[in-house]
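Just the one chain here, laid out as structure tokens, in the form predicted on its own.
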Amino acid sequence: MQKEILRSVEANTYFKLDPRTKLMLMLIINISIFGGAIIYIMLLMAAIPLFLLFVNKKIKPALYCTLAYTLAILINEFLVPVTYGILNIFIVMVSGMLYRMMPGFIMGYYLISTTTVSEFIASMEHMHVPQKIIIPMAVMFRFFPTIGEEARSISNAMRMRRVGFSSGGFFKNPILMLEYRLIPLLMSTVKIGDELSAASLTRGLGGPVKRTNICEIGFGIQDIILSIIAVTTFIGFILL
């Protein structure tokens, strides 16, 4: 068996977090930001997932997300107060969505892209979460990355047939363009759902016998430091 199958994609990095710490961070970040935290609390909360992307060598998405979030903050702080009418509503809507939702999405991306399904299941079992909750979450955990891979494959196939945004096909016939991309993706979604459900049963999920797991999970000094920072910031959010 290849060792890579059993290891997390972040196993080669020196900053490896336990899946339970990632879940706690995502919960705290979303509660703080959607709870109407002040700007300084929001910036601290947004800095956590961006920092995690950088230290795990996901430089390209980290740079894009940092740029987009910085623009959203600048627009929200400086452009919104000086605009009026429909333009103001549009800017508030777009910048507000980026401003409030991006940190949670970035943390979710980090969680899914750096945690294997086996590690996720092991962490859930350590927390004594019922199997009825673990199984659907494990299937969903693998579902979104698989859909992303399928969408990229469909996009590559359409590009080879010169059916793409760059070739101008979208402007010539947008309905046909959506059909070529959307219908195969919907069919693949149904098929992938069935395959992942069958794969989870094949791996023993939901069986009467307790599964064994060789994944190495556990808390390290990095988990403690980030937890202290997040909890301290969350207490500041509650008090301020």
Partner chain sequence: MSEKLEVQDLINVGIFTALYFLIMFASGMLGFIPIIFLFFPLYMPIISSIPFMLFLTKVKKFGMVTIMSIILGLLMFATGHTWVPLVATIICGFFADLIFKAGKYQSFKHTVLGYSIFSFWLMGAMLPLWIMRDSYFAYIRESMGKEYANAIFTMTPVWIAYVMVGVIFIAGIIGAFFGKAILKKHFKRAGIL
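Because the structure is a prediction, the values reported are computed rather than measured. Numbering follows the first chain given and starts at 1. Only the largest set of C-alpha atoms that superpose within 1.5 Å between the two forms is called the rigid core.
A second form of this protein, the form predicted together with the partner chain, is not displayed here; the remarks below concern that form.
- Heavy atoms of no residue among M45, T114 and C215 are located within 4.5 Å of the partner chain in the predicted bound form.
- The partner is absent here; in the predicted bound form, the one residue of L205, I41, L50, M177 having a heavy atom within 4.5 Å of the partner chain is L205.
- I147 is the sole member of I147, M127, L74, A157 with a non-hydrogen atom within 4.5 Å of the partner chain in the predicted bound form.
- Although the partner is absent here, Y84 sits close enough that one of its heavy atoms falls within 4.5 Å of the partner chain in the predicted bound form.
- Although the partner is absent here, I133 sits close enough that one of its heavy atoms falls within 4.5 Å of the partner chain in the predicted bound form.
- When contacts are judged by a 4.5 Å heavy atom cut-off, L67 does not count as touching the partner chain in the predicted bound form.
- Although the partner is absent here, N88 sits close enough that one of its heavy atoms falls within 4.5 Å of the partner chain in the predicted bound form.
- With contact defined as any non-hydrogen atom lying within 4.5 angstroms of the partner chain in the predicted bound form, the contacting residues in 136 to 155 are P136, M137, V139, M140, F143, F144, I147, given in sequence order.
- With the core superposed, A47 shows a C-alpha displacement below 2 Å between this form and the one not shown.
- Taking the rigid core as fixed, one finds a CA shift for G96 smaller than 2 Å between this form and the one not shown.
- With a cut-off of 2 Å and the rigid core superposed, I154 has a Cα displacement that reaches or exceeds the cut-off between this form and the one not shown.
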